[in-house]
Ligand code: ATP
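Below sits a lone chain in structure tokens, taken as the form predicted on its own.
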């Protein structure tokens, strides 16, 4: 749809767009003409079994895979050629599949590593005080989303359970105040009894206006979170569905061949 006037464009929701996306590892092609979009306020599921290309897609959007082709844009701004740190500054956050927490650092220290001060903070004559105040405010915000971490702030990352480590990885990403978050297999290695708490934290994140692209195999986890889903198989998009399909047992049954 073409917007009819500048005022409509001004108030249109921002979107992260991937079009005709191809990725290679050396000479081997891993993704084939993948196209998807994530609009402001959405949570979108990227479904598929191990090896389908979900992690490759997430990592390539973040600029972590060198050989790519296609178009990548945020609110019509071309992102191709941007380094990962530039994408982070533009509001893209990444929760990696392997979490990448610092096992020898405490939860508090891991969260401090994730915090990034704004440019105006560094120009303030009382920059240290301004930095600490901004850090404390963001820390409090993040801990309201992940309340289980509050009692673990002095515990080393390596002494956390799988679920606690996943929460820490997500919380650390949020410390940089991203508006768009790419999550890779958040259910991996998380005990079933912890998943509901994790899901509630994601729901709270969405209520703050964060937008999420969630690569996942656990279709039960994305139900009630995501407004639409894309299904990957061997590097190609083979299906997509809206929220109604995600809650339709027949649609889910039809996708199981791509998920199991």
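Residue numbers count along the first chain shown, from 1. Bear in mind the structure is a predicted one, so any value in this text is a computation, not a measurement.
Although it is not shown, the form predicted in complex with ligand ATP is what the next lines describe.
For the candidate spot formed by 30, 50 and 53, every residue has a non-hydrogen atom within 4.5 angstroms of ligand ATP in the model of the complex. Heavy atoms within 4.5 Å of ligand ATP in the model of the complex belong, among the stretches 55-63, 32-40, 202-210, 222-230, to residues of 55-63. Taking non-hydrogen atoms only, residue 25 approaches ligand ATP to within 4.5 angstroms in the model of the complex. Not displayed here, ligand ATP is approached by residue 97 to within 4.5 Å at the level of heavy atoms in the model of the complex. In the model of the complex, no heavy atom of residue 164 sits within 4.5 Å of ligand ATP. Residue contact with ligand ATP in the model of the complex: residue 217 places a heavy atom within 4.5 Å of it. Looking at 163-195, the one residue that comes within 4.5 Å of ligand ATP in the model of the complex, counting any heavy atom, is 185.
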